[in-house]
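Here we start with a single chain on its own, the form predicted alone, put down as structure tokens.
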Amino acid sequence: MFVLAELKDTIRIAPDQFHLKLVEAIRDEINRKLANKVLLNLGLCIALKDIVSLKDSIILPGDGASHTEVLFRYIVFRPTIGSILTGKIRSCSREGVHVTLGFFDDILIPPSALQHPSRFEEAEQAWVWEYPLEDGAKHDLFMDIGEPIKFRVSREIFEESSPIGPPKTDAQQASTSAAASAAVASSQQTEVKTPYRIVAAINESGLGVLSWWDQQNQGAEEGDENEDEDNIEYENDEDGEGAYEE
């Protein structure tokens, strides 16, 4: 789920940070620059592991800050395809089940990757697995918000996201009509992309909401206990007292 990525970057340390040790200042700046950021085709950056090497610091003309080329290792979240993770259901929609890991929310289980057959309940805003029973009936198993869920990573999607431009000034907004402003806002919203997404699946045995399998395991254990009780025979001894024998 987590990997170590070796990266190289030139780190700028502002003059107001010169009172710190160079390594400490560089650590703080690297984490400020990368923590909780997505690097294209690499993953979600979590925290700095260590600094491998530092080159000489230089001060460029017209800039009082120091610039240091740094080779470092960073902890990155990027689960391998096929790995099994456990998260919580964040929400449900017709697009599928949205799952969160607490620090990463962009996980989607599409309808085609849910247990079959499943349906979406508009009133409950939840997906339901129509679990088949032995008598041919079906038992509804709901995928409720907040439920722990186990899933398999089936695909990852990286998209290059770029800024949509600075916001308009008051004068520019006054010069445009309300309809034009609404159209611009709508187009800007559609341009916002998620830089890193995970597509997951639960359409196999043992995956899905954890409480489903807990209930089945409890039912199996109760069945075993009942079988053990059926194997116990009650007999009377010569004194008329009862004795249990297996």
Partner chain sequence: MEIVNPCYSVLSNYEVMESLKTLKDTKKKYGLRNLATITYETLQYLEDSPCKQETRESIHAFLTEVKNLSCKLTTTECLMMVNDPPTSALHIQLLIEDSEERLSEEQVNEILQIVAKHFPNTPSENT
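From a predicted model like this one, the values you see are computed outputs, not experimental measurements. Numbering follows the first chain given and starts at 1.
Although it is not shown, the form predicted together with the partner chain is what the next lines describe.
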Heavy atom contact within 4.5 Å of the partner chain in the model of the complex, the stretch among 90-98, 135-143, 122-130, 69-77: 69-77
Is there a heavy atom of Leu42 lying 4.5 Å or less from a heavy atom of the partner chain in the model of the complex? yes
4.5 Å heavy atom contact, Leu20 to the partner chain in the model of the complex: yes
4.5 Å heavy atom contact, Ser57 and the partner chain in the model of the complex: no
Is it the case that Ile51, even though its partner is missing from this view, gets within 4.5 Å of the partner chain in the model of the complex, heavy atoms only? no
Pull the contact list for 13-46: residues with a heavy atom within 4.5 Å of the partner chain in the model of the complex, in sequence order. Leu20, Glu24, Asp28, Asn31, Arg32, Lys33, Leu34, Ala35, Asn36, Lys37, Leu39, Leu40, Leu42, Leu44, Cys45, Ile46
